[in-house]
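First, one chain by itself in structure tokens, the form predicted on its own.
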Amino acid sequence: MSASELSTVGVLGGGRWGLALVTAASRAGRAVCFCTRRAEQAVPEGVSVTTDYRVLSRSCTLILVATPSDVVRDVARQLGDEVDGSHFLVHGIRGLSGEGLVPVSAILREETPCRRVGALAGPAVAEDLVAGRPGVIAVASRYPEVTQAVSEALGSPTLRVYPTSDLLGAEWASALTGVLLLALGYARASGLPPALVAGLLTRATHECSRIGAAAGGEEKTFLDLPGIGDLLAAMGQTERPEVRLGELLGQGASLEDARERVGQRVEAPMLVPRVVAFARERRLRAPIIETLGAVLAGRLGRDEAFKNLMEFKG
């Protein structure tokens, strides 16, 4: 699909990420239809704003979905009444569905007539997209026309879009990298030396790649932009919500208090126990993620957690 056939780019979801995608598409020279209930938001000049899914579906072939994972099924069900097989649905949701470990792309296919779906993943963060700072982002889909459409919709002199066909791997990598960012923040606040933090995160990346492969993804995706690329970017970003939440936990805050102080929804704490159960069911060794799960559940304190990690073999 060429840029001239893309017409207007749709963005569904009025949070920080939705607004960032609107800004990126507008900066790339695309007409944008922003479907949001937050009428007070400031948007780039020329962006049309609506609350009506019908308006969104009639004006856009490509729709970028940027809603929280816990409401995506309800949103997709409503959107499904207005879209058809000609639409491309690409989500930018970090995490897997709260209904077990269901990829968001699977929910989009279940609840809408759309078959050509995809996901955004990788190092780009909302603040950089809004500010126009140079960055990169990955788009995953089994359909080349979907990755091409997203590249043309978002790609600009300040944003490079990299395609991959490993949709499942990209979704799992994006979700599990959120878990590693939580661990990064916790380790930073605990005063661990950089070499030890690097070692733990490297080993945890291997754990995540094994888990993702067991779920049907490709291990190499975890060593690309959706996985290690995102993790490396976060090493220099102090305000990533997952990192900040981990830091607060490492400083002794309760999970409830840390969530309130971060002020944004963070998927990782809800994901960790489900990932631990998934790994155990498949007899996959994941001591670092299991330790993080025990910390989040209040079964291990900071000193005990790192004592355990230093005693693990391999």
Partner chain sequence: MGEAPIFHFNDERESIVTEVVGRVTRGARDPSMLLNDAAYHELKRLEQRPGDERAEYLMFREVARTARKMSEEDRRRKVEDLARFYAQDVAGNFNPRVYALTSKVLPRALAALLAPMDVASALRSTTLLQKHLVTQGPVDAIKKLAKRGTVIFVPTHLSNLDSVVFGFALEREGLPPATYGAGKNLFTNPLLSYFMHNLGAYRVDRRIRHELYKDVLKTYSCVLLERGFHSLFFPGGTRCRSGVVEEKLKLGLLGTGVEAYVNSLRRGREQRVFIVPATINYLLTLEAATLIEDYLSEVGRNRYIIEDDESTQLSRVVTLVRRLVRSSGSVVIRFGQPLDPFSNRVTEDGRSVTPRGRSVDPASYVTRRGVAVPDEARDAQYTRELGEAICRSYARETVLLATHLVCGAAFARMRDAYPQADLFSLLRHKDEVFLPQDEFVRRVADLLELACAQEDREALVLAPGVRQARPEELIAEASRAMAEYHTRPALSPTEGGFMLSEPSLLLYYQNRLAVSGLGFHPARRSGP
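Numbering follows the first chain given and starts at 1. Just so you know, these numbers come straight off a predicted model, no measurement behind them.
Below: the form predicted together with its partner chain, not depicted.
Let me know the one among Asp128, Asp224, Glu219, Glu111 whose heavy atoms come within 4.5 Å of its partner chain in the predicted complex, would you? In short, Glu111.
One residue of Arg203, Arg188, Arg160, Arg73 in contact with its partner chain, assessed in the predicted complex (non-hydrogen atom, 4.5 angstroms): Among Arg203, Arg188, Arg160, Arg73, a heavy atom within 4.5 Å of its partner chain in the predicted complex occurs only for Arg73.
With the partner left out here, check for me: in the predicted complex, does some heavy atom of Arg210 sit within 4.5 Å of its partner chain? No, Arg210 sits far enough from its partner chain in the predicted complex that none of its heavy atoms falls within 4.5 Å.
Taking 4.5 angstroms as the cut-off for heavy atoms, does Pro194 touch its partner chain in the predicted complex? Contact with its partner chain, no.
Please determine whether Gly85 contacts its partner chain in the predicted complex, using a 4.5 Å cut-off between heavy atoms. Taking the distances in the predicted complex, the answer for Gly85 is yes, it comes within 4.5 Å of its partner chain.
Is there a heavy atom of Gly132 lying 4.5 Å or less from a heavy atom of its partner chain in the predicted complex? Although its partner chain is absent here, Gly132 would stay clear of it in the predicted complex, with no heavy atoms inside 4.5 Å.
Within 4.5 Å of its partner chain in the predicted complex, counting heavy atoms only, one of 195 to 203, 229 to 237, 140 to 148, 175 to 183 shows up; tell me which. Flagged stretch: 140 to 148.
Between 67 to 82 and its partner chain in the predicted complex, list the residues on our side with a heavy atom within 4.5 Å. Stretch hits, in order: Arg73, Arg77, Gly80, Asp81.
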